[in-house]
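Taking the form predicted alone, here's one chain by itself in structure tokens.
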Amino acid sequence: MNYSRPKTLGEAARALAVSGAIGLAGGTDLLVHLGRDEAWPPGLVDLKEIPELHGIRSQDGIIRIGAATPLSQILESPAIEDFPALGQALRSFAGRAIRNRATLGGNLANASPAADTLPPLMIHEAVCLTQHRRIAVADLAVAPGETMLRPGEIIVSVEIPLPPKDAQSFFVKLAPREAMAIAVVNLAGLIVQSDGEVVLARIALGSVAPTVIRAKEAEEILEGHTLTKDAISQASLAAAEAASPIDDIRATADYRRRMIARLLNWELGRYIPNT
């Protein structure tokens, strides 16, 4: 196996263009998988020395996070205060030692349907920037472990537009324990209310389909209506119906559907206007 540590995006792209080469950022998931498999890739391309992949910048209402920025650094940044759901997701991500190594770009490129950062990024309609194009986070994963990235294409940064001033967001993760556990179900939501009416709703569901998904029908049930117990109940059931979970060692498909409805009902209920 050839190991390389390029200093520029061009060098990295050329190294990754070799058939079977794999990019390495934090390596917290990749190295575990490689340790279990018999065949190692022909090339391992360490991306941590490329300056463009690091840092957190805010400009013109957009937060730009370098793809190789450690999750712990993102969590400690004042910029994250505008994105409560993302902050909650990062705090629930593995443990401190893993967060010090794991990166935002790595979590996205890993394309796990249970990835904790994807639901909050999707409700904020975040975008991945590569060397050549922009890809909505919602479109990046096409199957478990597979993305639409082309050979040699690298996630350089992630752009997150600031939410509307009155937006309220949340993230919740159901797992066997509080830390170092893969989600049985995770979900994120964002709502904006004006004069007692929901004017914007976004809901993203993880670990309940081949990729993280938006619950569009549930969003439509909420938008244009007052946030009531009945509306929340209908939206929660619609979100559960949007899922296509599987039975695995962590939970059954039926349990996952029921938990989507229950968790969403609980979280949205906290935002019912006082009467």
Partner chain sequence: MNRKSKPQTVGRRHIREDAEAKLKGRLRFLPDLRLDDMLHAAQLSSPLPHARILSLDLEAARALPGVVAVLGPEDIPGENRIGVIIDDQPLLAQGKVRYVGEPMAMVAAESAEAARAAVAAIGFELEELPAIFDLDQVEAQANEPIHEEGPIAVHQKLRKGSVERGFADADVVVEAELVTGLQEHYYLEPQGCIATPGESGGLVIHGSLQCPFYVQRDVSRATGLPQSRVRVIQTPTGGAFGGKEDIPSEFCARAAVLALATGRPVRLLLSRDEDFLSTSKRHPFRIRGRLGATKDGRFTAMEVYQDAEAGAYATLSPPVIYRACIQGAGPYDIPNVKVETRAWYTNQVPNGAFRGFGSPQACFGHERLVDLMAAELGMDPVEIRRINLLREGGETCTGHKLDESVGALETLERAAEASAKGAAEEEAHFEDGRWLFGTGHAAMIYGNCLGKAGWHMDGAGAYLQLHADGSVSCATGLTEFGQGARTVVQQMAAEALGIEPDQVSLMPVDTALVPDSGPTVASRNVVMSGNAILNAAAKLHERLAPLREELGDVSFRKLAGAAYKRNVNLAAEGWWHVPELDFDLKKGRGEAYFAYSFATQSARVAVDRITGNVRVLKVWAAHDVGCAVNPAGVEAQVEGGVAQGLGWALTERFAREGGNILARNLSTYHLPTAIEVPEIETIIVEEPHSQGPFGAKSLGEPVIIPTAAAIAAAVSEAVGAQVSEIPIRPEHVLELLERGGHDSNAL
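Just so it is clear, the structure is predicted and the values come from calculations on it, not from any experiment. Positions refer to the first chain, counted from 1.
Below: the form predicted together with its partner chain, not depicted.
Chemist: Although the partner isn't part of this model, could you tell me whether Arg250 comes within 4.5 Å of its partner chain in the predicted bound form, counting any heavy atom of the residue?
Modeler: The answer is yes: Arg250 has a heavy atom within 4.5 Å of its partner chain.
Chemist: In the predicted bound form, does Ala167 come within 4.5 Å of its partner chain, counting heavy atoms only?
Modeler: Ala167 lies outside the contact set for its partner chain.
Chemist: Could you confirm whether Arg14 comes within 4.5 Å of its partner chain in the predicted bound form, counting heavy atoms only?
Modeler: Result no; Arg14 lies far from its partner chain in the predicted bound form.
Chemist: Does at least one non-hydrogen atom of Arg96 fall within 4.5 angstroms of its partner chain in the predicted bound form?
Modeler: No, Arg96 sits far enough from its partner chain in the predicted bound form that none of its heavy atoms falls within 4.5 Å.
Chemist: Counting only non-hydrogen atoms, which stretch in 171 to 179, 134 to 142, 148 to 156, 191 to 199 is within 4.5 Å of its partner chain in the predicted bound form?
Modeler: Of the stretches listed, the one contacting the partner is 171 to 179.
Chemist: Could you list which residues of 248 to 267 come within 4.5 Å of its partner chain in the predicted bound form, counting heavy atoms only?
Modeler: Residues within 4.5 Å: Ile249, Arg250, Ala251, Thr252, Tyr255, Arg258, Met259, Arg262, Leu263, Asn265, Trp266, Glu267.
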